[in-house]
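First, one chain by itself in structure tokens, the form predicted on its own.
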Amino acid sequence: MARDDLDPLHDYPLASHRPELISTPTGKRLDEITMQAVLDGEVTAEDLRITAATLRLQARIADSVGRPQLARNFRRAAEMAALPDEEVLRIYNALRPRASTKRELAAIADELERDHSATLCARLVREAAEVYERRGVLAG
């Protein structure tokens, strides 16, 4: 079966019903992630990360059951899956109230679009900057 024939009513949860659609960032299949493989050193931390492709499948499922906000969250997460952990933490910290100026948040949004094609995340950062401005919680 291909990803195009995903049937959310029958295929969810993916790990149980469509494990062939799920793989690790290093290409391991879900059935290769076992306790023995961990003990043998065959599974790395990178193997335990979710992929953008899996997150996009989850978004399709959320959309199909009328959960558009959850689907948007999964799509943003898919964009973030490609970012280095340090970058995600930097953005997370910048989004804390009073941590950044509007200009700094705009620069982060521009960088997300330009360097990572993360348009949904960029839109969220810009929206946060507008809300923070209205609420008076931007940095100095």
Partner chain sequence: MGAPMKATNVTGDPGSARRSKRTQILEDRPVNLDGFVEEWPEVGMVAMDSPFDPSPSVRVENGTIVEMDGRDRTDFDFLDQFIADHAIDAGVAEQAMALDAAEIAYLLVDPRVSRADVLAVSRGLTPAKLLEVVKTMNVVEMMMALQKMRARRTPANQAHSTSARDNPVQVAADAAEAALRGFRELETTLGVVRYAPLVAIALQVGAQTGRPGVLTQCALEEATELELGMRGITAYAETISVYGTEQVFCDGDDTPWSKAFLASAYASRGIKMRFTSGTGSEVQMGNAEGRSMLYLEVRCILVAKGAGVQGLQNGSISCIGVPGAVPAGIRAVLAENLVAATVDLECASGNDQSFSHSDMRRTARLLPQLLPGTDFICSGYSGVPNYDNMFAGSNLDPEDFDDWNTIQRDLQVDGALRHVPEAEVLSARNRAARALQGVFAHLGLAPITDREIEAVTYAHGSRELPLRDVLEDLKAAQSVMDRGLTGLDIVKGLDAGGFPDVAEALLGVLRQRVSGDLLHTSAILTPELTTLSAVNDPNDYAGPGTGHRPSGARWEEMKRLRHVVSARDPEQAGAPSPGTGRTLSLKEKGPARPGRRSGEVVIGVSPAFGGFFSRTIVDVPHADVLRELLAGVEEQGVHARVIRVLGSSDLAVIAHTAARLSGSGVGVGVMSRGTTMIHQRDLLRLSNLELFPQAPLMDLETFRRIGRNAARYAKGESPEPVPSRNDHMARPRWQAKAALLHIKETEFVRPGAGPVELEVLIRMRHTG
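Numbering follows the first chain given and starts at 1. Not measured: the values here are computed from a predicted model.
What comes next is about the form predicted in complex with the partner chain, which is not displayed.
- The closest heavy atom approach of residue 23 to the partner chain in the predicted complex falls within 4.5 Å.
- Within this chain, residue 55 lines the site of the partner chain in the predicted complex, having a heavy atom no more than 4.5 Å away.
- Not displayed here, the partner chain is kept clear of residue 114 by more than 4.5 Å at the level of heavy atoms in the predicted complex.
- Within this chain, residue 34 lines the site of the partner chain in the predicted complex, having a heavy atom no more than 4.5 Å away.
- In sequence order, 33, 34, 35, 38, 39, 43, 44, 45, 47, 48, 49, 50, 54, 55, 58 are the residues of 32-59 having a heavy atom within 4.5 Å of the partner chain in the predicted complex; the partner itself is omitted from this view.
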